[in-house]
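The chain below stands alone and is given in structure tokens; this is the form predicted on its own.
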């Protein structure tokens, strides 16, 4: 079974539980990023989206894309999980919206070259697709000058995760060099790269790096994704990051 097939099976079977657990946390009426749902209005990652063609990689129940449509964007949602897209279609119907939802892995999106002004993911397909495949695919789909922005885990989070104890530690448990594919015993296949390798991937695919935002949860931040102890860990070391890179003209 390929990685994308394994991840598809995982998310098809876990989608209902995921949406039930996180619905209120990620279903707020304004754009928010990541584990602690920090407002886009504060972070200013995507900027003005009105009139832009926007592709969400790993859209889940399309919470982000629905809000982007309300701001005048022309969104398209892609997800590897058919069950996640069923939740998205229900959400679109409830919102009175209709935009494309595509069942496909981020490594191979069945859309024409240079179709989008923005390609983004919020802990979406970027975590569950091989960056050696999905980064060039994002470059193909973007128009010259287009923005690629995505939030996800960090090498620190991956290396300090103590899987047997099910907790974050202050010690490293994985090597930094060679970091790429991570498969937990009862979870999906995930991917993370060392920082230098991310930079090489971007440059090899014609991207200019605008910013790497390392997220430190603010006082009072809460999350349905992380325990209070893990949130405290993230105040000392970066658990979450947001890359902003732009395709060259």
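Numbering follows the first chain given and starts at 1. Predicted, not measured: the structure shown is a model, and the values here were computed from it.
Another form exists, predicted together with a small molecule; not displayed. Remarks below refer to it.
Thinking of 63, 80 and 106 as the candidate spot, does the small molecule come within 4.5 Å of a heavy atom on all of them in the predicted complex? Spot residues vs the small molecule: full contact, yes.
Given a 4.5 Å cut-off on heavy atoms, tell me which of 216-224, 66-74, 194-202, 51-59 is the interface stretch with the small molecule in the predicted complex. That would be 51-59.
Considering only heavy atoms, tell me if residue 87 and the small molecule come within 4.5 Å of each other in the predicted complex. It does not: once the small molecule is placed as it appears in the predicted complex, residue 87 has no heavy atom within 4.5 Å of it.
Can residue 18 be called a contact residue for the small molecule in the predicted complex at 4.5 Å between heavy atoms? Yes, residue 18 is a contact residue.
Given that the partner is absent here, does residue 128 sit within 4.5 Å of the small molecule in the predicted complex, heavy atoms only? Within the cut-off, so yes.
Hey, in the predicted complex, does residue 11 get a heavy atom within 4.5 angstroms of the small molecule? Although the small molecule is absent here, residue 11 would touch it in the predicted complex, with heavy atoms inside 4.5 Å.
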